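What follows is a single chain, given as structure tokens, in the form predicted alone.
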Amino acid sequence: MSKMKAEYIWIDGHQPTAKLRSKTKVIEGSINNLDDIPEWGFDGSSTMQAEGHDSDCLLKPVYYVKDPLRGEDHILVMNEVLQADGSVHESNTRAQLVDIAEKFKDHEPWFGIEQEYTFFVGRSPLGWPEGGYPAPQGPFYCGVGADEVFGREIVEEHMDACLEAGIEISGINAEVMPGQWEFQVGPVGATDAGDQLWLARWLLYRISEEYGVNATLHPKPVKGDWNGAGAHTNFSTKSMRENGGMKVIEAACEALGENHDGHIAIYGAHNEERLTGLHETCSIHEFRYGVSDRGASIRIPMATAKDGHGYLEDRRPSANMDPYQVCAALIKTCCS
């Protein structure tokens, strides 16, 4: 019987920002559906998810894609973390999203997430002079040329890998700070948005390994007059996308304003370093929304305002946010 490799991927209990972990299981036979992938276990005491005297945790496969790096029939498997007795682990934010998505499924929420990240080599962003700074921001956003963009070969390889895996990656671009990039996932449903973004992040880290480069999601990787890194989250419901949806979007924005602090609390660690009111952000202490306003907390796209229906863009989530938590919060606030 043939054998294949399954890369089991999960989110650890690291605070304040969870990290990805993975290990490989060799499985006999072929995988045709999720039920064919066995549960597995790991040492939770090494991932901040258990004590050493009672360290077993379970990995429950919940989503899988083709492994674009190993090829053939090999797969990448996203897992929820469970306690040894099968109950939901406290670090498992996906389980909460599944419940909320089911409760509000009639609203048909869609998500498109813009994942910004920064390449580093050692202590310096990729392409920066050692111990110094490049030219001021300006020419780097969507730039072209070896003096303005750095790491394109990694970015292109990552995009191809996501496409081959079946992840709904919808674009890439160089960002405002040199060495900084963005990819977008969506539009997809809530759990798909979370699963696919986490898998796309794993592929980004894994491919960057081959180049000796580190990709960081820190929201303010370089202090000073440089753009931070966010994960702008585009969100809509069925009623927002239909005629008259603008009123629904405005009502959602009002609800988001009333729940601002609760959202900020789960929108990513160190976000206060990024949300200063400068560099295309609204201050973390303020909430406002507006049409085509990239300095607002929530931007309503020009096309949405013109058509009278569409979607909103929550610009507050930081690059290191947990998409399971962000998607759950948006659904709960806007659909309740």
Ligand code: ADP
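Not measured: the values here are computed from a predicted model. When you see a residue number, it is the position in the sequence shown, counting from 1.
FYI, the form predicted together with adenosine-5'-diphosphate isn't displayed, but the following is about it.
- For the three marked residues, Phe111, Val185 and Arg299, a heavy atom of each sits within 4.5 Å of adenosine-5'-diphosphate in the model of the complex.
- When adenosine-5'-diphosphate is considered in the model of the complex, Ser124 lies well away from it, no heavy atom lying within 4.5 Å.
- Contact annotation: His270 falls outside 4.5 Å of adenosine-5'-diphosphate in the model of the complex, judged by heavy atom distances.
- Taking the partner from elsewhere, Arg241 is found to have a heavy atom lying within 4.5 Å of adenosine-5'-diphosphate in the model of the complex.
- In the model of the complex, Ser170 approaches adenosine-5'-diphosphate with a heavy atom inside 4.5 Å.
- Here the chain stands alone, but in the model of the complex its contact with adenosine-5'-diphosphate, taken as any heavy atom within 4.5 Å, falls in 185-193 among 252-260, 185-193, 90-98, 146-154.
- Between the options Tyr311, Phe42, Tyr63, Phe287, the residue in contact with adenosine-5'-diphosphate in the model of the complex by a heavy atom within 4.5 angstroms is Tyr311.
- If you take 265-297 and check each residue for a heavy atom within 4.5 Å of adenosine-5'-diphosphate in the model of the complex, you get just Arg294.
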